[in-house]
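Given next, in structure tokens, is a single chain: the form predicted alone.
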Amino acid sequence: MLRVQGLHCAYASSRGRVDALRDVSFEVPRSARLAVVGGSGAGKSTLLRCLNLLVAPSRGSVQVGDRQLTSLDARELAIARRQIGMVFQHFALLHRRTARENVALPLELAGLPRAAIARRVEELLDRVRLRDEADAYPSELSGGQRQRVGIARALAHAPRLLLCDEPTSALDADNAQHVVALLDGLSRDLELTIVFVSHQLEVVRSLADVVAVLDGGALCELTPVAEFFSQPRSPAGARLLTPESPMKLPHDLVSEARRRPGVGPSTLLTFAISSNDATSVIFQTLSRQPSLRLDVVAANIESRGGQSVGSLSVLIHGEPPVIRAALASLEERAVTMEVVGHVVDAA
């Protein structure tokens, strides 16, 4: 369990005092996954580094399990940090060490016997599926493999908390998916609490249980992931979803609608899907207008926590008064939607 109370972090810069964090408080239960998101300069990386006191907060407390990290002396803190793993964006591997030797490093620094180190390293490499690459150097590994080495190293002391700073942003899509799947499995198998920073909303959607939104150093939203993507609680959360959210469509969809011949006046809508019966409600409501024709142009729906989450984009063909009546019916059913655009003449 992680408990953060009243965390404030300020420092001096050439522009004067900077309040990187402003009285941030939250709790993360054991084995839960918290995504920390926010715009540039929101305080995400500062928060992550305050959680293991790599950056000392100006005030406030950080508790991991039953230990208040902010009350420990230097020796006690060094020991407590063994229960906190750290995964970095750009891997932070030693290039003159093999995968095996990189994973062994924290155990060597802790002074463990050589035989115990060897057993633990083999176990970790096997867990991240890198046994065959144990003697390879970082330059001989793919980006995904290098990150898996970094994850294995972070697990060396069997931590209860894993901190990940943009763990997939340096990877291509396939490797990013593999790393997310690995972190997801580790969380479940080892009952790891994971706190990760990411600007990639697909990673947040796939891995997080809860989303923390930072804005100007303040925590402005702490929301279950399904609710965050369907209806964010803060303006800052809504802004983050604007360019990439499943509530939004690629900009070329209206153009695509215009290329479809003979459909007449049309309206392009995006619906937020946050329950298992949402799509049925949408289609049942629209089907009550028999003069309308529907064309599904995009769908991004997945199961998360037993609930369907994502978006559905539909092109509705019909006369404007009929379309307006359909939209009014949807609003009465409290359906979350966005009118993306109108196509008056798609012929």
Partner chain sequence: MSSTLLDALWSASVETLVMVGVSSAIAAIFGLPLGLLLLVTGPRHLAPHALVHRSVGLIVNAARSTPFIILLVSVIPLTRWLVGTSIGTAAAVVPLALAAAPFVARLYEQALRQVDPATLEAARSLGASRRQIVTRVLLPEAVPGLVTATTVMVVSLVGASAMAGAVGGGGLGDLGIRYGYQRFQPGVMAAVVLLLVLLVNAVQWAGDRLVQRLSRGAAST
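Numbering follows the first chain given and starts at 1. This structure is a prediction, so every number in the text was calculated from the model and none was measured.
Below: the form predicted in complex with the partner chain, not depicted.
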The partner chain contact in the predicted bound form: residue 334, any heavy atom under 4.5 Å: no
Proximity of residue 159 to the partner chain in the predicted bound form, heavy atoms at 4.5 Å: no
Contact label in the predicted bound form: residue 153 to the partner chain, heavy atom within 4.5 Å: yes
Contact flag, residue 172 vs the partner chain in the predicted bound form, heavy atom cut 4.5 Å: no
Heavy atom within 4.5 Å of the partner chain in the predicted bound form - residue from 268, 86, 130, 180: 86
Selected contact from 92, 190, 238, 72, since only one has a non-hydrogen atom within 4.5 angstroms of the partner chain in the predicted bound form: 92
Interface stretch in the predicted bound form with the partner chain - options 30 to 38, 44 to 52, 288 to 296, 312 to 320, non-hydrogen atom within 4.5 Å: 44 to 52
Those residues of 98 to 120 which, in the predicted bound form, come within 4.5 Å of the partner chain by heavy atom: 105, 106, 108, 109
